[in-house]
Structure formats: C-alpha cells, structure tokens
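One chain follows as structure tokens, the form predicted on its own.
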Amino acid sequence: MKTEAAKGAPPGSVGSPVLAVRDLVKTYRSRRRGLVNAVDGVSFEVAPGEVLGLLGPNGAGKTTTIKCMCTLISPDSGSILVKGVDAIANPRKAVSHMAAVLEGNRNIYWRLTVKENLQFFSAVHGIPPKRNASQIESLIQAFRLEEVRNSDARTLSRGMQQKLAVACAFVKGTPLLMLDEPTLGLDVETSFELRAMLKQMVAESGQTILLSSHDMDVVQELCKRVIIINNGRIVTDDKVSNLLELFKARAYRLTLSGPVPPALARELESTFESIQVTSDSHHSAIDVELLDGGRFYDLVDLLRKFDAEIDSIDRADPDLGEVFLRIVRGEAR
C-alpha cells in the first residue's frame, strides 16, 4: 500500500522537504539470529509544515530509524538530509535544525526548575533566554506549568515532566521537531490533556513534526499522513483519511434477532476469513470485513440458508489503531 508519497513530498506540498531519508539501511549482529536487518531500505520525505506519523510494532525498525535521523547511531548506508544538510557527514549542523523528545521525560535536567530548563535549552540552541523570554512564558502557559515554574523537574509528576520535555523541544524553534512517544506512560486524563496541548502547539508553531507513538488517538488527531514500518521496511505511506476510508468501505456489522445457531457460526467462520460472531439469548452481531464486495451477497445467502432474521446492517467505522493492526498483520493487500 505504498503510495507516491513514499518517493517524494506529498501531493500539494510547497518547497523542498525539511527531512529527506533515502535508502536507509542499518544491520545488527545478534548471537541468536545472526545478521539482523533492523532498517532495510527506508525512504521518505517530510514537507514543510507537515505533521507525519511514523508507526510500527515493537522490533519493526522504527526506533532505529529515528535514532539514525537524530544522529544518535550511524546507518550502514543511505542518506539523511535535514534542511538540505547531510546528517551523516555533518551531524552537528544537521542537529541544529532539529529538536527531539525521545522516550518521554528523559531530555530534561532534573535539578533545574521548569523555567530554568526552558532557559537552558533556549541558550543551548543559541537563543539568549532574555531575548526568548516571551516565548518561554508562552510555553509555560500553553503547557499549564504556571504553578510549578519554580519547582525542580525532579519534584514534578510524570505528566508534568512529560509536558516540560515537550515544551523544551518547542522552545528551540527548530524547523524540524521529532516527538517519540510523547504520551508514554501517562494516565488517560493527562494523555488527553497533553494531546490537546500538542494540537494547539502544532497549529500555532507551523513546525514540521515527525510523531512516533503507540497511542493511535494522538496520531489520528494530529497527523494527516502516516508511514508504517514493519520488518525494517515501509509497508504503508498514505493519508490517514485514505486508510480509514479503505477499511470502512469493506467492514460491516449485521445485527440478528436471537442467537446464532452453532452450525451457522461454524459455517460463517469457515467461509469468511475476517469475521467475528457474538451472541446472547436475544440478539447476535456479526462483524465481518470483506475484501471483495461481491462476498456480501454470499454472506446474506448463508444467513438465509439458516433462516436467520437480519435486524440491521451497518458499515463499521474502524479507528487508526484497528487499521494499523490489520496492515502489520498483512491484511491490507
């Protein structure tokens, strides 16, 4: 399901890509598995102002790709350009164009206060804190850190630390921002709050953002386009709306009167690959995904054969999490 976006900038984008990755390869040697291709020919571009989701199951090569882009590890081959700068040949200059939040709250200094952290990261990036005072104050307010502005980072809750880490990335004002698991380990309420703050900052900053997360609600809300990596390769590069529509068009829920007879349940499960039957004494539900639209009539005929009474037929609306699982399982052919 790889689209043309994998080869170049997304349709309608303006200007040179902020990030361009070409034929990236990284291998490791494992005692158990021998030579492992962690990243195997990954190529993509991120356009100015785009918010791109980078997704993948554990061990798919996503984290290795991110670390290569952040110049934390060196790839075996391929190229990475950040604002046209070769990140492999000139990592220091490339890094000056990017900021990153890696593994949640680890990129802050625990013995500095909230305000001091923001001042420090501003100064490290060459922006005098006095000149950046209004931006620092705006970030403190945007991430609701006013009451703890003078508290050491080590005394904050996990959620507060995470918000501070993200704010420290934004304070640098770089063209490219990489957010790796920004809501990792947060409770539902704090995750929702941080998601709303990120959405606001994304809209206001105009920065190009690469977002990696297992929290599909965050990705679906912030990203228009996603790349899915599996087994070191890109398996999908498309708009979120296209992926949701693709699966929506072939997913159905049928509600029946009364329970499903065991013989019908067995025949349904043997005839259709992606089907789930739930039943109680009053009603039953059949959730099915049909790759071929003509198979819908086969389903109806089978129900008629067993005199099943259909109460309703609805299109199912999958979320990005369901789409992601189906793609990595190879169901998106």
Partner chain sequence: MSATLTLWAGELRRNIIQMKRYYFETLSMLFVFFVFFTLIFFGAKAISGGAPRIGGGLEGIIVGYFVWTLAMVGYGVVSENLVEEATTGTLEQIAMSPLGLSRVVLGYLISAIITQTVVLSFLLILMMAVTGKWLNLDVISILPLLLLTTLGIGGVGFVMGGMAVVFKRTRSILSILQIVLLAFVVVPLDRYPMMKYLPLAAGNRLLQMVMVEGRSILQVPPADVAFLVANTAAYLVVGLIAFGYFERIARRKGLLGHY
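On a predicted model such as this, the values are computed, not experimentally measured, just so you know. Residue numbers count along the first chain shown, from 1.
What follows is about the form predicted in complex with the partner chain, which we do not show.
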**Complete:** Exactly one of Asn230, Thr190, Gln161, Gln119 comes within 4.5 Å of the partner chain in the predicted bound form through a heavy atom, and that residue is Gln119
**Fill in**
With the partner omitted here, the residue among Leu102, Leu156, Met216, Val260 that in the predicted bound form has a heavy atom within 4.5 Å of the partner chain is Leu102
**Item:** is_contact(Ala196, the partner chain) in the predicted bound form, heavy atom dist at most 4.5 Å
**Value:** no
**Heavy atom of Asp86 within 4.5 Å of the partner chain in the predicted bound form** = no
**Interface membership of Ile127, the partner chain in the predicted bound form, 4.5 Å heavy atom rule** = yes
**Prompt:** Can Tyr28 be called a contact residue for the partner chain in the predicted bound form at 4.5 Å between heavy atoms?
**Reply:** yes
**Complete:** Within 4.5 Å of the partner chain in the predicted bound form by heavy atoms, the stretch out of 107 to 115, 216 to 224, 234 to 242, 201 to 209 is 107 to 115
